[in-house]
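Take a look at this single chain in structure tokens; it is the form predicted alone.
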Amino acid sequence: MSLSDYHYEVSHCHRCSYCKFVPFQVMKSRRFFQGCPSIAFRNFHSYAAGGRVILALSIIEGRLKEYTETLAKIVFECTMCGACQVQCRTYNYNLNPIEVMQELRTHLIENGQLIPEHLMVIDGLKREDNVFGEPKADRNRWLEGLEIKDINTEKADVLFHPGCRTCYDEEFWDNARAAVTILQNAGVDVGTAGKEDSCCGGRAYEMGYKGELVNYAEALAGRIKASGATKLVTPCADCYGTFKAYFPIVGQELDVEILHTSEMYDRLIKEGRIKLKKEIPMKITYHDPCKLGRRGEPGIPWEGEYKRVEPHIFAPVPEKPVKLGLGGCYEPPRDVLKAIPGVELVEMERNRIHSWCCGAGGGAMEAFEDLSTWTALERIEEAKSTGAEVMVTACPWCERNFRDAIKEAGGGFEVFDVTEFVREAMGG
């Protein structure tokens, strides 16, 4: 679909401002009642989903013809967390703001409104097949010390996809090696794509570069078919959401079960193949990564139009899938943590489909560091308010952004990955 295909939807925004806040029914305090980081940070309506929908309508109807740097900043200074989508659906079932914003970004890119920092990411991606522009030859350095199958020469039941952040950020190499070792010790037949491993394309897509996603989706589908794998497992929420939500939208279904490492751990724990014996007496809180949660909901492509089905009713024909965020991965990581002896899991006010974003997504970390850091620190304050000693998450991008923000703020709090707790509870 293109931006013009959303004319009916954007012309029916009710201007209710629901996109800005956690739904009234689940609000717990005035301190943590906001839902959208962008509007909370800027406090100007154009930075809300409703404001961007108005911009989209103006472009579609030809009233907004001059694209400026200010317009591009408004459109791209957003983490694409999808909170607006969940909140909008509280009131309006015929509007998909996150889809509109995605097409608005693609439209601006196609019309030459390029964000310099994003363009650097895309150039590096095209050159080295990763979003950091680091040498492709260094992608598998995290594998050093591991004995693991290479699907280019051997068949494997599970294809382990680490993701760019895991491959090029040395702080996460140990976690990746631990994840593979945990799976192998549980009897899982694991392999990697070896020298053929590459980016998922999801971050490029969110920046408006749809063609990059298509290319990487096709390449991964080919690798999976050749590997004989029945499962694709990743420790990266960004990759998980890309595989489940974005690939189908661009017409690429993966003929494999897509699992996050936390889902795999949960399955293996319940099967008795992972034993959590060591007690960890600690109060923790869990952060839902957007791309594992509400944006990890399976994507269902739709082609159709809005038609008058009754004298006073327009409706999508054929029926359009309703995206509420409910199909994401919420309970498996919680079940894993609750299975660890001694762990006390306490929830933040905004959790599951209403989780506050870490601030790293949508190109914000790369181009709008002030928004990204502020968003992360807001979440850290919410985590501290629970009385938890540490925060646990399930995405290296979230963890990276939280750690950087905490360091900038002077320290005083720690963030870990689910894998670290599982490894510790297994006895190290």
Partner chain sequence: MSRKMPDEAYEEFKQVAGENNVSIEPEVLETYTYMNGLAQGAMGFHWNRKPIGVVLPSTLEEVRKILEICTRYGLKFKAHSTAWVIMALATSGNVVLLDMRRMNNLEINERDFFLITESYPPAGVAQIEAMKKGLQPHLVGAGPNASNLASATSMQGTGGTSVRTSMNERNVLAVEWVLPTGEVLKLGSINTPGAGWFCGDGPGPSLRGMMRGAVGQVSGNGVFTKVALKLYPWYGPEYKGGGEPPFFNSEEVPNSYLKYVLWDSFDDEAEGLYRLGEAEIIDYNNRWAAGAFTSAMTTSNQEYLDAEAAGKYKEMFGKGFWTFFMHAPSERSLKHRIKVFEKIVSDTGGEIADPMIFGKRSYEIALQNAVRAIWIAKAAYMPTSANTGSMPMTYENIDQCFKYALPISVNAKKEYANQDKILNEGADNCYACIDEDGHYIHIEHACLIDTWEPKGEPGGAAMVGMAKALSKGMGLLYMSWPGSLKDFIVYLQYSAQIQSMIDPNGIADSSGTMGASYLAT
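Since the model is a prediction, treat every value here as computed from it, not as a measurement. Residue numbers count along the first chain shown, from 1.
Absent from the display: the form predicted together with the partner chain. The rest refers to it.
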For this chain shown on its own, do H12, F44 and E310 all sit within 4.5 Å of the partner chain in the model of the complex, going by heavy atoms?
-> yes
Candidate stretches 385-393, 361-369, 398-406, 63-71, one within 4.5 Å of the partner chain in the model of the complex by heavy atom = 63-71
Any of the heavy atoms of Q34 lying within 4.5 Å of the partner chain in the model of the complex?
-> yes
W302 within 4.5 Å of the partner chain in the model of the complex, heavy atoms = no
Wondering, does H354 line up within 4.5 Å of the partner chain in the model of the complex on heavy atoms?
-> yes
Non-hydrogen atom contact L377 with the partner chain in the model of the complex at 4.5 angstroms = no
Just one of E319, E144, E347, E253 has a heavy atom within 4.5 Å of the partner chain in the model of the complex. Which one?
-> E319
Within 4.5 Å of the partner chain in the model of the complex: residues from 9-24 (heavy atom criterion) = V10, S11, H12, C13, H14, R15, C16, S17, Y18, K20, F21, P23, F24
